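Okay, here we've got a single chain as structure tokens, the form predicted alone, with questions on binding and movement later.
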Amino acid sequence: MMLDERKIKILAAVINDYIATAEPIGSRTIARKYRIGISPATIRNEMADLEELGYLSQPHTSAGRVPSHKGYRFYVDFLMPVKRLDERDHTLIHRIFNRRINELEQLVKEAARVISKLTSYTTITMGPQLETSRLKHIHVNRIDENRGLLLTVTNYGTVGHHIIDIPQNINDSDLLRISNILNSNLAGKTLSEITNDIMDAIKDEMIEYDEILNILLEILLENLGDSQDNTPVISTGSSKMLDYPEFQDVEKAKNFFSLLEQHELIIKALKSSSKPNAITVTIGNENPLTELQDLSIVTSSIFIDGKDLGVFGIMGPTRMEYSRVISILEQVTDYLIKTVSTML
């Protein structure tokens, strides 16, 4: 059965009110607030039809109706108004991207923080996925007589610091030459591109530095390998969920915080729901994982020039203010892509 205009208006009214109040919505409330020109009795009949069609549900016999997951999906796909951000929202977002933040990881953390602040939901960041992480710069310098610092920077702005032992026969000019040789052979390369031939060429060129070379190459390869194997997952604003009636139940709150600690499950959820450079909305039982079926997740997966920069996921109750969340994610994602494009 297709929804006619009257049913659509009533469904939109119920969802908008329920998002705002978290209270079941009755026919008299709809008649009084929305003035759609029909009696409460007629509205009640239409709401009963919408319940039968699966768009609404009735938590108690005497209560009003609340949206079902199917109702929210219809709302997001066809009824949701476009939410324009106000000047305060724009100012907070601008402020992050106007800072001189040169590391992608720190930039993503700051972006996640402002998303959580503006939406009042929990923000999950996954990534960036660093299968394509390339060494951008390598530098070895001396700390004291017997120790040095190996500094590595990737194209994603990830900085690695490693303390190394320096043999007594190595002086400062040797360290500069070693840095130059490593940069000329390895800068711009991913782990998979560092072949045995390249390694042999470096060893031939640095034969007199054999002792320190083996240490440096082991650290460099391990550093790139760790970048590929580890998918960082960070949650921001998790305590905000306690402000919502849905999480006043102690058991529900415990389950939610326990969920945030299960990084493998979160990674699976974000990967399954996200699409490259698109905002996706996964509502309640649309989540393939049963642990997430009381929640909605709005994701933004960011790719630049084929590089996976990770995923922002906003997690909240199904009674989420979808329009505002999507507008904020679109704005932050747009700024992030523009900013990171200048870093890579």
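Model, not experiment: these values are computed from the prediction. So that there is no doubt, residue numbering starts at 1 and follows the sequence shown.
There is also a form predicted together with the DNA; it is not shown, and the following applies to it.
Listed residues G37, P288, P276, G54 were compared with the DNA in the predicted complex; G37 is the one with a heavy atom within 4.5 Å.
Heavy atoms within 4.5 Å of the DNA in the predicted complex belong, among the stretches 276-284, 43-51, 308-316, 289-297, to residues of 43-51. In the predicted complex, the DNA sits within 4.5 Å of a heavy atom of H60. Proximity of K7 to the DNA in the predicted complex falls outside the 4.5 Å heavy atom cutoff. In the predicted complex, the DNA sits within 4.5 Å of a heavy atom of I25.
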